[in-house]
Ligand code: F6P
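In the form predicted alone, a lone chain appears below as structure tokens.
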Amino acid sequence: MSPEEKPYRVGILTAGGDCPGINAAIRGVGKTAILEYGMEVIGISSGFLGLINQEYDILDENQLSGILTIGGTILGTSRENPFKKSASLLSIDKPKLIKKHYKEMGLDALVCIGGNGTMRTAAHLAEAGMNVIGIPKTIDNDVWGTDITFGFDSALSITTDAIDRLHTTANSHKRIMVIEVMGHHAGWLALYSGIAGGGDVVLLPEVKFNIDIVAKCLKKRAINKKPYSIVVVAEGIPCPKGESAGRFIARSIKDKTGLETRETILGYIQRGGDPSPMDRILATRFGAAAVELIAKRKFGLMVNLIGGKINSIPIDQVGGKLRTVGMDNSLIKKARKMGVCFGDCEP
């Protein structure tokens, strides 16, 4: 790049819920852009709100040092959806404002780090003429078009650790312990933590369960002198309005079996804390790959991991879709053979 040539300017934002590994991805983008390609990196605050309000800072290499291992996001995040229709007649045209600010900030490309909603918004921005690259993150592991998202491995470790700890309480008191885990309408976290944590019953949004089958399974365990049981429940299973999945299942089990039952809702603890080594690596790989696409002037893409290899997919193919657990999932099949009940048939 000649002294007169303006450096390529790349913006980064993080949107949606926080999860471990976002800072590693920011670092992967920033360091690759600065050190390998001599680009200028702009950190945009609070997701798409930062583009609407023009809140940003220039990031140098020093600001990117020391953030690899830290959870959360140094840029801040929000769930602002600029394409959501407002009922107010006085509402501003947010997409138009974002495009205006994108130009005023001198951005040549924009990296959007987020989940399904973020990828959908990023696709709209690409359609509006902005140079966009998406990086998928979420503990739910439900972004379509990639085998895995960063954040999932960290949440899996946290959730499995919690289940491990509840084993001792369940055994001491001879109780059924119901543990509700996150995942929205995808059961990846419940499935993997349920199997890793030795769950006896695992209930997923994708598998239509019968509570009577669950109760029969748990009563059979009690009759066979199994002193306690672990039930792992995805938050997105069908349950009465206004009642959490964990509470509904615990109440139903107690009513149908008479066995002492307690529920634990893990909640936001699953999203907090430092990223696992695997998430640090995946986020770094995604960040570097995003910049390589930018350097090749390839836009409107989301980086992904398929079969262990980093690649990319058109971002307009991602938004509005969910990657869910299939009934033919090999882990479900193997778990059934070991006596795990999914509530749809007796083990």
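Since this is a predicted model, take the numbers as computed values, not measurements. Throughout, we count residues from 1 along the sequence that is shown.
Unshown form predicted together with 6-O-phosphono-beta-D-fructofuranose (F6P); subsequent notes refer to it.
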query	finding
Distance check, Lys219 to 6-O-phosphono-beta-D-fructofuranose (F6P) in the predicted bound form, heavy atom within 4.5 Å	no
6-O-phosphono-beta-D-fructofuranose (F6P) contact at Lys99 in the predicted bound form, heavy atom, 4.5 Å	no
4.5 Å heavy atom contact, Ile139 to 6-O-phosphono-beta-D-fructofuranose (F6P) in the predicted bound form	yes
Touches 6-O-phosphono-beta-D-fructofuranose (F6P) in the predicted bound form: Glu235 (any heavy atom, 4.5 Å)	yes
Option from 203-211, 248-256, 226-234, 175-183 whose residues, in the predicted bound form, bring a heavy atom within 4.5 Å of 6-O-phosphono-beta-D-fructofuranose (F6P)	175-183
The unique member of Lys103, Arg262, His167, Arg79 whose heavy atoms fall within 4.5 Å of 6-O-phosphono-beta-D-fructofuranose (F6P) in the predicted bound form	Arg79
Those residues of 265-283 which, in the predicted bound form, come within 4.5 Å of 6-O-phosphono-beta-D-fructofuranose (F6P) by heavy atom	Tyr268, Arg271
